[in-house]
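Just one chain is shown here, as structure tokens, and it is the form predicted alone.
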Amino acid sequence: MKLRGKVWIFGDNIDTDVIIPARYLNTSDESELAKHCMEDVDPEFTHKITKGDIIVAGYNFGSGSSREHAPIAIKASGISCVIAKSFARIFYRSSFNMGLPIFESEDAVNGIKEGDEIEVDADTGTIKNIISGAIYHSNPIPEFMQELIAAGGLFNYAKKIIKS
């Protein structure tokens, strides 16, 4: 699986309340959550992004509450993946359960600038900056986790298994 998009940069400790503010947690409607993704840190974020764009962030992305609304809001907004120096463990697992690919790479985060276009190869963990030509590495996403992503998350994957 290859993902390609424009980069949007965020810093360290972006918690789930920043990703999707608590005032919107009264819904599980993905399109409604998508409208409010990252709005407390950048009110125009969802108006600026294009389907397939990529969030690049610092340490401890997704800390805070274990709510699954955060990866749902990111994915539903059109973001194809998140690259960070590190992820909160509960967010890490929730992302795959919701079908959002994520990658840890300190070197990539340090070398990529907002507005760069990058390509991520989930099979190899290679992150290529199309603008600068620089290549970075992350752990590849294991085949099973890619199956979860391709199915749209754990729930859809389980439904598929039950039907077969």
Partner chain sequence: MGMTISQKILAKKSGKEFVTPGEIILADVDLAFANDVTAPIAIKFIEELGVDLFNEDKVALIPDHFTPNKDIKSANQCKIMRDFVKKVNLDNYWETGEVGIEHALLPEQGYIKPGMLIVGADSHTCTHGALGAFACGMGSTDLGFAFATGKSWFRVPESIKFIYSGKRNRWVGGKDLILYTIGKIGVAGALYKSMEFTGDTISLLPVEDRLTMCNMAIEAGGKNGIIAADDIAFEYLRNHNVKDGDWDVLLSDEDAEYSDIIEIDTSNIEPQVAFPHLPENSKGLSEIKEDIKIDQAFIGSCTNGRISDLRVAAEVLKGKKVAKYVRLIIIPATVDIYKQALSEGLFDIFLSAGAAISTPTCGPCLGGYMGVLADNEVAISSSNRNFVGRMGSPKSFVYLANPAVVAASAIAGKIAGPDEVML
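Positions refer to the first chain, counted from 1. As the structure is a prediction and not an experimental result, all values here were calculated from the model.
Keep in mind the form predicted together with its partner chain is missing from the figure; the text below concerns it.
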Q: Report the stretch among 50-58, 110-118, 35-43, 134-142 that approaches its partner chain in the predicted bound form to within 4.5 Å, counting heavy atoms only.
A: 134-142
(Q) Test of understanding: in the predicted bound form, would N97 fall inside 4.5 Å of its partner chain by heavy atoms? (A) yes
Q. Given that the partner is absent here, does K159 sit within 4.5 Å of its partner chain in the predicted bound form, heavy atoms only?
A. yes
Q | Contact of L154 with its partner chain in the predicted bound form (heavy atom, 4.5 Å) | A | yes
Q. So which residues in 92-114, when you check its partner chain in the predicted bound form, have a heavy atom no farther than 4.5 Å from it?
A. Y92, R93, F96, N97, E104
